[in-house]
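We begin with a single chain expressed as structure tokens, specifically the form predicted on its own.
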Amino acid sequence: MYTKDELFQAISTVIDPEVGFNLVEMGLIYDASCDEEGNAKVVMTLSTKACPMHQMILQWVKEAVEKLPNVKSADVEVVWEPQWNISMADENVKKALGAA
């Protein structure tokens, strides 16, 4: 079993190819959990429904979580509520993107 923070740390290895920041600091990861059997679940969003990298990003998140020892499977759910906006990103991202 992994904590939310441990799962977020694993997911932070996934970089959004369009902006060069990891998905966690972008604020795209809403929740993550893992049960005693090693079944992980990630709830996330994307910056836009029209994201051309949609399927690839989901696969990268799944792979990042499944790299953790004792994780048997990872389910990645994309939600559109709450809708992502730049205020959800870390301060360094906002500053770099001119939103701070």
Partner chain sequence: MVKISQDFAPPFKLIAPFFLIGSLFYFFASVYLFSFDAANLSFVNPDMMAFVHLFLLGFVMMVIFGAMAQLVPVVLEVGHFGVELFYAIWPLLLTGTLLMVFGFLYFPALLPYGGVTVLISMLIFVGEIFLTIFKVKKLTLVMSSLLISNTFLFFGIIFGLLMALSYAGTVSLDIASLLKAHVYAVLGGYIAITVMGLSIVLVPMFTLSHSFSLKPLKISLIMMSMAVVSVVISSFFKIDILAYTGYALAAVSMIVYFYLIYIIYSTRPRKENDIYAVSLMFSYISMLVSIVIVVFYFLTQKEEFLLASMWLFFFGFFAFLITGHIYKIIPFLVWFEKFSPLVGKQKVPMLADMVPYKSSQAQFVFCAVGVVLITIAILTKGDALLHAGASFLFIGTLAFIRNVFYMINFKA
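This structure is a prediction, so every number in the text was calculated from the model and none was measured. Numbering follows the first chain given and starts at 1.
Omitted here: the form predicted in complex with the partner chain. The next part is about that form.
Contact annotation: residue 18 falls within 4.5 Å of the partner chain in the predicted bound form, judged by heavy atom distances. Interface membership of residue 67, defined by any non-hydrogen atom within 4.5 Å of the partner chain in the predicted bound form, is confirmed.
Proximity of residue 60 to the partner chain in the predicted bound form falls within the 4.5 Å heavy atom cutoff. Mapping the unseen interface onto this chain, residue 99 counts among the residues with a heavy atom inside 4.5 Å of the partner chain in the predicted bound form.
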